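Consider the single chain below, provided in structure tokens and representing the form predicted alone.
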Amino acid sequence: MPLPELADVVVAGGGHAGLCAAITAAEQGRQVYLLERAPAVMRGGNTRHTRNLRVMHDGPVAGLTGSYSEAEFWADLHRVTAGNTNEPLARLVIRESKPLLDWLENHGVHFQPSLRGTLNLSHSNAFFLGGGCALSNTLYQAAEQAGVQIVYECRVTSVSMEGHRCTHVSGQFEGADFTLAANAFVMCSGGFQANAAWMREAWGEAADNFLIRGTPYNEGDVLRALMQQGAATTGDPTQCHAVAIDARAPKYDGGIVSRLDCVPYSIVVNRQGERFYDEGEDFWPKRYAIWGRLVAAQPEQIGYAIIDSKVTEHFMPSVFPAITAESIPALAEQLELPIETLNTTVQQFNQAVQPGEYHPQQLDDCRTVGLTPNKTHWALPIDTPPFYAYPLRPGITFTYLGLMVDSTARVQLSDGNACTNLFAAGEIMAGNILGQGYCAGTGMTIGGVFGRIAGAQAACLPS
């Protein structure tokens, strides 16, 4: 498909946010070009690896149980971010998540009941039937039906501004340079987590041990280009959605199957065979996204989750088999950990476990006393062979440094003005809401809500 010189609306990035923006603008009669860097078989960005989105709702709907109020959603978000969020924008996302659910269903997306296991999200998160790939494929079909022109393997590398207005984007397509002007632009091209050099700028040599669990195409080209053009940013470059994943996962694109959900039922030790954080602090959906950063702070950026045979049925296993042994010393030998230290760590943990009633899906009273750190829930002695271990590495989904936007999704400039025709949605601006921490499914909610806002705003601009 040859690119034109001029379009009504250009959307850069074909993940969930970009698709919502493109469909919304096209349904208002605009000629929309969606520029997706990946080939068709890899389209969709990190959306391909997701399973659900968090939504406010008043009653049972779309596989959800009970209700999930604005107050409850806000409390969960405020807790995980420790208040490091733009409250007006966060509340906008929360309120607009309710109509987003209806919009997705009206565009062919189907939902299923929440999955059983450690993600106990039946009242807060709507799970896509078929997962993220099914969602992405459905929205691509809806975009095509709405008349969106989808251009694959099209890399946007620069953005040109004149004053407070974006004039055109440039990059590479089909082996040649291109320039495309438009009446409005929506940037949905993600963070910079797949850019090894940029990650090293933020994290130092530790970044070399990080695994990128999402798309390898999010290198931050558009974000960097707009920063150079005077766009205002928000967020810390070291803050990110960082999950503890199986250390045997590939460097890029391992996806959700590489995530380890055994942590609440385990003890996690570092390279020295020592524990370093409370594994049972809270429900896993509210804590799983802190463990990537915790492991990143350990020597060589690696940890090891250790369990025994009593709890193997209480979590979704990794795609990789556990490392097993009939004794803790034998397990330490396989993991190349200090045998005496690990053995002592396990013995001290077992001795500190207090009697309680164990409930794998509730905040129970099984805890330790006298340890640093203590384990506050789901603490059972590790004493029943065989013993199992999973190696952990930081798995980065997306970075939180992003473009500052307002409630209309307009990109803000460092001089205090807003771009008149430049909008952003999805991971490239998620840092406005996610200053730190993460609630399961929130990234998809941000992308869908701001994608629809950006698409509607772009379509309303006079030609």
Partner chain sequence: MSAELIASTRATEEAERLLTICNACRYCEGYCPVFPAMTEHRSFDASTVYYLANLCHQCTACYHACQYKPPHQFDVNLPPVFSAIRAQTFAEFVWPAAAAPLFRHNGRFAAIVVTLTVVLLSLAMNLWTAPGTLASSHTGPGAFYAVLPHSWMAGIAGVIVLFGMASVLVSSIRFAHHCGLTRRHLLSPAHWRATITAVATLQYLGGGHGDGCHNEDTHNSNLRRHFHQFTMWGFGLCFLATATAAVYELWLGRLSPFPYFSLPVLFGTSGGVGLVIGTGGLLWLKRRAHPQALPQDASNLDNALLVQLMLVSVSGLLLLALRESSAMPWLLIIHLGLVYGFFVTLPFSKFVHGLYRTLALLRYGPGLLQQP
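Positions refer to the first chain, counted from 1. Basically, rigid core = biggest C-alpha set you can superpose within 1.5 Å across the two forms. All figures in this text were calculated on a predicted structure; none of them were measured in a lab.
Just so you know, the form predicted together with its partner chain exists too; it's not on screen, but the next bit is about it.
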May I ask you to choose, among G220, G280, G255, G171, the residue with a heavy atom within 4.5 Å of its partner chain in the predicted complex?
G255
Using heavy atoms only and a 4.5 Å cut-off, determine which of P317, P360, P329, P385 is in contact with its partner chain in the predicted complex.
P317
Is there a non-hydrogen atom of R393 within 4.5 angstroms of a non-hydrogen atom of its partner chain in the predicted complex?
no
Residue-level question: is Q354 within 4.5 Å of its partner chain in the predicted complex, judged on heavy atoms?
no
Within 4.5 Å, heavy atoms only: does S160 come near its partner chain in the predicted complex?
no
Would P237 show up as a contact with its partner chain in the predicted complex if we use heavy atoms at 4.5 Å?
no
Quick check: do E70, V243 and R287 each get a heavy atom within 4.5 Å of its partner chain in the predicted complex?
no
Counting only non-hydrogen atoms, which stretch in 57-65, 39-47, 409-417, 426-434 is within 4.5 Å of its partner chain in the predicted complex?
39-47
Taking the rigid core as the frame, does Y388 move its C-alpha by 2 Å or more between this form and the one not shown?
yes
Large Cα shift (2 Å or above) at C262 between this form and the one not shown, core-fitted:
yes
State yes or no: after fitting on the rigid core, is the Cα displacement of Q361 between this form and the one not shown at least 2 Å?
yes
